[in-house]
Structures are given as C-alpha cells and as structure tokens.
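A single chain comes next, written as structure tokens; it is the form predicted on its own.
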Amino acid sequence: MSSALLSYEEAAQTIADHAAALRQMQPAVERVPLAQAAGRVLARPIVADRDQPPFARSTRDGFACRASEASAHRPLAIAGAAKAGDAPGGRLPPDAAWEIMTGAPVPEGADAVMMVEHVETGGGVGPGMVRLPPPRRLVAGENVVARGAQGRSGDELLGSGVRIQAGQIALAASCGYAQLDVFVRPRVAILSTGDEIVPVEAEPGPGQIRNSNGAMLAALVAAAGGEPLLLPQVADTDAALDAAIAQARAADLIVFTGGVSAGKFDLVEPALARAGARFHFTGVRIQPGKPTVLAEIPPAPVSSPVRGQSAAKHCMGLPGNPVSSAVTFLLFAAPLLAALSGSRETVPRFAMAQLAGEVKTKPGLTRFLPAVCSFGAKGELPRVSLVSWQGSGDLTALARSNCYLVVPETATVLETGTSVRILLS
C-alpha cells in the first residue's frame, strides 16, 4: 500500500478501471411492472412490436396533400377528414386535399401536410376547396412522419444498460411492455463509524451528534440506483469494526463514513487490513475528501451462507465530515455503484457554467466547493456562485447547494465570468 496521495485525475482513472472490470460481471435480472421501473436499469432491450409509428402520421393540424400539387397554388378539393384515432382513409384523389388533425393517419398518396394557418379556404377559393397561396411552397415529407421512421417491427429500439426514466417508460408503453426486465439493484452497506454518533431519533448527549451521514448516504445510494443497507453505528474499537465488516460482506459494495483519517481513533484502514484488504489508494489531493480510501477485501469463506461472494468486495472509506462524504461518494462510490447496477451511464456528472464571482484559492488540491448554479438564463451558460460555508462539516451549506464548483489543482484565482466545471449533485 503506497502512502503517496493521488491526484484527482489519477484516483478517477483508478475508479474508472475498477468500474470497467465490474461491468464484466452481469447482475441478476428481475421483472417489474412498468409503473415501478423508473430509476431502474434496463436488462433486456426494448423491441418494436410493430412499425413505429405504425402509420404515416401528421405532425400538424392542416390538410394532407401532394406537395407538388399544393406548390402549384391552385385550389384543391377537400376530399375527406381525419382526426387522431381514426383508421387510415382511402387513397387521396388527384388535385385533392384531406383535412387532418395532429396525430391522425395521412391518407395513401399524400406526401405532405399544409399547416392550417398557411392556407386559404372557403369563399376566397370556392366552397369545399383549399389553396396554398404563393410564395409558400411544400416539399415531400413536410409535417409528416413516415410509417416506420422511428423503427420497424422487430427492431431493437433501446439497448440494455440504460437507466429508465420518463422517456424510456413512454417508449416501452408504446411497444406494449406492461413489464420490463431490469437488473437487480446492488446492495450497498453503509457503516457510520464513531463513538460520537447516535441514531437520528435519539437525543444527543454532550459531544454527540446524530447520524446525518448515514441518512444522507442512503439517499445518495437510492438515487444512484442501489439498495441502501444502513447498518448500526460502529464504535471506535477494533472488535466493533471487525464485526461490522463481517456483517457488511453480504453487500455488493461497502461504504464507510468516518474513521479514515490519521487520528488515534481512525481505525477503518487497520480493520480493512485485518480483513485482508488490498488497498488501491489511501488519499487523494482534493478538498474536501483528502483521506478517501479505495480497497478490496477477499470474498467470505466458501462455507459462509452469504449470497454473491464469488469476487472481491470493493470498499470505499469516506471522510466523516458530511460535505466530504457527499463529494467523495459522487466522485468515487457512484461510478462503482453504476457499474454494479449494470448501467452504461457515465458518472460522476460534470457540466460547464459561468462563474458569477471571483474565487481565490491556494494551489495543490483539486477543490470541490459547495455552490449554487442557476440554469434558467437563455442563450448563455448557467451561472454558478459559491455558497458561504464553514468547512466540510457545514450541513447547512450542503443543503443550500445544488452542485460543486471544481477548482483545478494549479489554480490560484478564478475570475468572474470564467467558464468553469461544476460537479452535479
């Protein structure tokens, strides 16, 4: 185990390499109702059960026609009408148009739709007639989605490994999927260490604090697609940590919060070493979160009844201060969790923003500072500004932020208006 601190980029690459290896191990699959699929990861592709769309459909209210006839600017006879839900009509006669509503099937022979606000009807062109006045012209395919344009029957429309959200649910519903095959959510054991920690519902005594990190990490795990296993608080003793690690081995990923720094009662690394851990890094040049640890412990003995023990278990040791725990989870634990869940998505998620005010800093660490980003401005980058905070234990600052400003390791000042990276929370 090397004591040298990695740069953020080196640590991120180490995590990416481990995530790539984890993706080679296919998770188990289960079937869930479509209404319960949001947030899960698709395990088997969505296949079109018929052409998508199943008929040529209009994207506008107007008149279906032949583009060449309409562009000649002569009156066309209105031969019929169709609204959404109607069966496709017969073939469109020559020199004719078909009144049509958005979503309705376009009659055979028509290749375009004149928008209703672009045409003349009634007395100006004769009863039962419609005309596209000059100089406006139509081209074939205008305002029409052709049958099968989005996919043919039997086509794979969406592959596995995609996190299911509203758009994916809509696509599945359109193809008749009342249920979806999804990957089983990975179980993440959360171990909050420290004699000062008491349960959320308890009244803290002198020098004690409630277990906010456990609740926060459980929420982060659930949001990232995992199943949080919030285990009891772990006392600052070797025996308690050894017992906690043995219990946590049932999970797919183990996350510690606290006990990973260099103090007298920071006992997580020695406990992992006693469990036979292989350490990949034990510190990263970042603020907050410098003491972060990545390790693997060997599988439980074969005689153990615990499920899923065929491979080494990844362990993340996160610092105990809440902002540190939140940042390091997003940077390092979330990519491992995404891989374990079968997801192809890239995490952590970064974006670009414009700095609202000057930031002065010291070089030597990549900093992830609590910030607020406004995404409402049009025609320009979102604007980001720092949240006033009192260090990495400031829960109020954490709750008021919606992202983290990324300050490069070499920076001494970021000027107002600079384009900067933000870590999305």
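Being a predicted model, the structure only gives us computed values, none of them experimental. Just count from 1 along the sequence shown to find any residue number.
The protein also exists as the form predicted together with a small molecule; that form is not presented, and the subsequent description refers to it.
Chemist: Verify the contact flag for R210: yes if a non-hydrogen atom of it lies within 4.5 Å of a non-hydrogen atom of the small molecule in the predicted bound form, no if not.
Modeler: Although the small molecule is absent here, R210 would touch it in the predicted bound form, with heavy atoms inside 4.5 Å.
Chemist: Quick one: is L92 in contact with the small molecule in the predicted bound form, heavy atoms, 4.5 Å cut-off?
Modeler: L92 lies outside the contact set for the small molecule.
Chemist: Since only the chain is shown here, I'm wondering whether P228 would be in contact with the small molecule in the predicted bound form (any heavy atom pair within 4.5 Å).
Modeler: Output for P228 is no: heavy atoms all beyond 4.5 Å of the small molecule.
Chemist: Looking in the predicted bound form, any heavy atom of I197 within 4.5 Å of the small molecule?
Modeler: Contact with the small molecule, yes.
Chemist: Of these, 144 to 152, 159 to 167, 251 to 259, 105 to 113, which stretch puts a heavy atom within 4.5 angstroms of the small molecule in the predicted bound form?
Modeler: Looking at the other structure, the answer is 251 to 259.
Chemist: Of the residues P186, P335, P322, P288, which one places a heavy atom within 4.5 Å of the small molecule in the predicted bound form?
Modeler: Only one option qualifies, and that one is P322.
Chemist: Check each of D266, D181, E296, D242 and return the one that places a heavy atom within 4.5 angstroms of the small molecule in the predicted bound form.
Modeler: So the residue touching the small molecule in the predicted bound form, by this definition, is D266.
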